[in-house]
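Only one chain comes next, encoded as structure tokens, the form predicted on its own.
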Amino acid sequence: MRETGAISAGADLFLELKGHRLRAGFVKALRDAVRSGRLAPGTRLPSSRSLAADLGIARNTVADSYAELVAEGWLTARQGSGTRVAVRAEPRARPAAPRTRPTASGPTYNLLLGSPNLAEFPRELWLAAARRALTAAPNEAFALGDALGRVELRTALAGYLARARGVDVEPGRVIICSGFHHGLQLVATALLARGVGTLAVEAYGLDIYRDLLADLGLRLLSLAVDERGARTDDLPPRGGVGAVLLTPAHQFPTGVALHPERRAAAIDWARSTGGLILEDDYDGEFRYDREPVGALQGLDPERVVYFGTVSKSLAPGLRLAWMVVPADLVPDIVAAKGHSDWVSSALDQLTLAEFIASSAYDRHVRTTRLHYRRRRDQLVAALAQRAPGVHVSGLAAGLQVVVELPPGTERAVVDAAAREELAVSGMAEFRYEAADPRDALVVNYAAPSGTAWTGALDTLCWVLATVTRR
């Protein structure tokens, strides 16, 4: 398009003019755009002045072409409402899309892991925080910014994590990422660059993280998990393993906290071997019947990478997470990010910073903690009354419990639940070279909405009572 000195007004309109006859080419291009449906009926077209300036042609050419298409019935022109595509100008029929088999709409009830109750997201408080953050945001906040993330969020997180989780932190060691998966990928990439070849993982956990590490080229060593958490005393004492991934506050999915002796064993291992502990503070905010378990990172900030996220406390769709890393690892993480920096948007970071600084985050966590505790109590009471053949563990914290089943019944229970339109996970789904296979369900009691919770609980109890009775 030809550049003009004036700024044209009106909507943008792409037209490809072909041929030597300018007016005829313009009329054909506009007629084809309407006929094909690219310009829908009722679409308001730019004024003749602004479109002429955009296309670099005479205004009279545009005005005359509009008049011709109005006369043909392709366009309408009314005083005060501009020129629009005529409603009667129906686009030509498009080829029918190939027919596909209908897909299932999904289960009626969902007790799968991975999400809190999304209906509890504090929309009004979040919107208010976003408005305050946007009003106060400096102009440079809308540039690409620091690879570590917005300093406002890193500062707010440093204060919150030190106060609420016992993390030894300063803003310069906080790195914002778009989720735990993203953060783990960055750290694993940095470890590989340092020559680390083997990483230990808990024998129960999410396979997507094990697959991520393996796909990057790391060898994995499995650590057994029992009633005291991961067996960190089994870590090789003399090299061979460069890092270990742990969920010490609330082991996923068994729900146990890492025993103090094993916390100490993990730190001793890291110090003696130069290894690194990757601490996933899974569900760290949600504890019910016990005192808070502080972050392992506080015991040795230079040997622990601490991961946190709002995926359970607020919503996974926000894609907001963070790492607190040893000072000497910060440049390696920045290098791992490279030129494809996948961090969340600056506005979302500023909003979360304001949400934390205004204490709205603390209030929301306390409110949802009470809500989820009531859910947990309802689940335990219902199972005790209606499915007394099962045992429930992992109760003290988190958003899920483990429902222990009679040996050999896990697959039958999961299948029976699916037939009743209830989605629930079996413990086998999370097992990785475990020495102690066990039959159990892992039940997320937080996820269902208020209207779905009663039906989900009734269905679960019925399935458990029916199958275990057999």
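Numbers for residues come from their place in the sequence shown, where the first is 1. None of these values were measured; they are calculated from a predicted model.
We do not show the form predicted in complex with a small molecule, though everything after this point is about it.
The contact residue chosen from 309, 351, 254, 232 relative to the small molecule in the predicted complex is 309, the criterion being a non-hydrogen atom within 4.5 angstroms. Between the small molecule and the residues 163, 181, 219, 373, the one pair within 4.5 Å by heavy atoms in the predicted complex involves 181. Taken together, 22, 25 and 66 are entirely out of contact with the small molecule in the predicted complex: none brings a heavy atom within 4.5 Å. Of the heavy atoms in residue 282, some are within 4.5 Å of the small molecule in the predicted complex. With a 4.5 Å cutoff on heavy atoms, residue 240 does not count as touching the small molecule in the predicted complex; it lies far away. Mapping the unseen interface onto this chain, residue 209 counts among the residues with a heavy atom inside 4.5 Å of the small molecule in the predicted complex. Although the partner is absent from this view, residue 172 stays clear of the small molecule in the predicted complex, with no non-hydrogen atom inside 4.5 angstroms.
None of 173 to 181, 298 to 306, 270 to 278, 79 to 87 except one has non-hydrogen atoms within 4.5 angstroms of the small molecule in the predicted complex; the exception is 173 to 181.
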